[in-house]
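In the form predicted on its own, a lone chain appears below as structure tokens.
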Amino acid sequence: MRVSAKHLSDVTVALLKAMGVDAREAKTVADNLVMAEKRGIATHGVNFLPLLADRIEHGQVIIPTKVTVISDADAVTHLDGGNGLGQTAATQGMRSSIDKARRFGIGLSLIRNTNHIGLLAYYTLMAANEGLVGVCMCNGAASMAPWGGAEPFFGTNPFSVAAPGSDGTPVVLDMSTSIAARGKIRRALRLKERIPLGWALDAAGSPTDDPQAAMGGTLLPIGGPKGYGMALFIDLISGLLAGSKYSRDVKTFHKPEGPTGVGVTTLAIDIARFMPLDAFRSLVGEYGRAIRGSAKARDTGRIYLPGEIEAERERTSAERGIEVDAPVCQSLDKLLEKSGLPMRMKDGEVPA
């Protein structure tokens, strides 16, 4: 179903409020989830609402979120997310990083004891839209083996970095350290589709295109040992150094097995400490034009900068609505009914 972005946002906010989330937190979480949908990253979108409702009902996400400051000195902030909403904690972490960067040139926040934070580009774009470079990374439940292994040990441990662009559109990278995010495996499972070989191994350590077998096995890292090494250091910084859970101790958000213990890192760099922001934007523009104008491989019509495809999708979604998978629409309608809310997904349907 194709629904308007406003309606999807209204549905998300209404459901969150029905779960007991206050208006301010509900807007932060909704903005993150709906941005993921608009940018075509449905694996990090509104499909998380039923999971969140279940965890809140089981007392395994604490609301309202109470983020506490463990330490705050010079350019560094250490926060405890209070096992609340991950989007709230990560937003506060990046806000602190931005404020610190304005004062010291660089700001770093480590966050322990939080939950799934959704779309990482949401946080790095906070910084880029204010003229800074933003970095965000976090760990997650074990779903990927170390290179050469067949047993899940790390999360997909995503990483994002964004910088201001010349035309007002930032350049942004948002990626997992696995070849495919685990959400893509779950989506294939929901839609009863196969997955490409090379994404995952089954429990016996053999390549598989069966999403069910992949869920019982392990994802594969990007670039082999390089992705493994990157996932390891994200876990060391965001988990171990932050004082949060790490490796096999991080619990999945998809089952009410207890607090997830996700750890997060946010970083902001003030470009103006190194060169005027306008000069940086101009150089980024020249850099991008040089990349787009470079020789193309056969059958390639256009070379994109990181984040350009997602930015185009976001603009299209604002104009034409967002495509939401049928199983997700059904689950949201069930949640709306259970919550006693009169709205339904079809109320915001946009004609094709």
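Just so you know, these numbers come straight off a predicted model, no measurement behind them. Throughout, we count residues from 1 along the sequence that is shown.
Although not depicted, the form predicted in complex with a further copy of the same chain is the subject of the following passage.
Within 4.5 Å of a further copy of the same chain in the model of the complex, a heavy atom is found for all three of 173, 179 and 236. By the criterion of a heavy atom within 4.5 Å, residue 194 is excluded from the residues contacting a further copy of the same chain in the model of the complex.
Although the partner is absent here, residue 125 lies well away from a further copy of the same chain in the model of the complex, with no heavy atom inside 4.5 Å.
By the criterion of a heavy atom within 4.5 Å, residue 56 is excluded from the residues contacting a further copy of the same chain in the model of the complex.
Within this chain, residue 284 lines the site of a further copy of the same chain in the model of the complex, having a heavy atom no more than 4.5 Å away. Note that among 47 to 55, 285 to 293, 322 to 330, 25 to 33, the stretch whose heavy atoms approach a further copy of the same chain to within 4.5 Å in the model of the complex is 285 to 293. Out of the listed residues 161, 188, 213, 98, 161 is the one that sits within 4.5 Å of a further copy of the same chain in the model of the complex by at least one heavy atom. Residues 71, 73, 74, 75, 76 are the ones in 57 to 76 with at least one heavy atom within 4.5 Å of a further copy of the same chain in the model of the complex, listed in sequence order.
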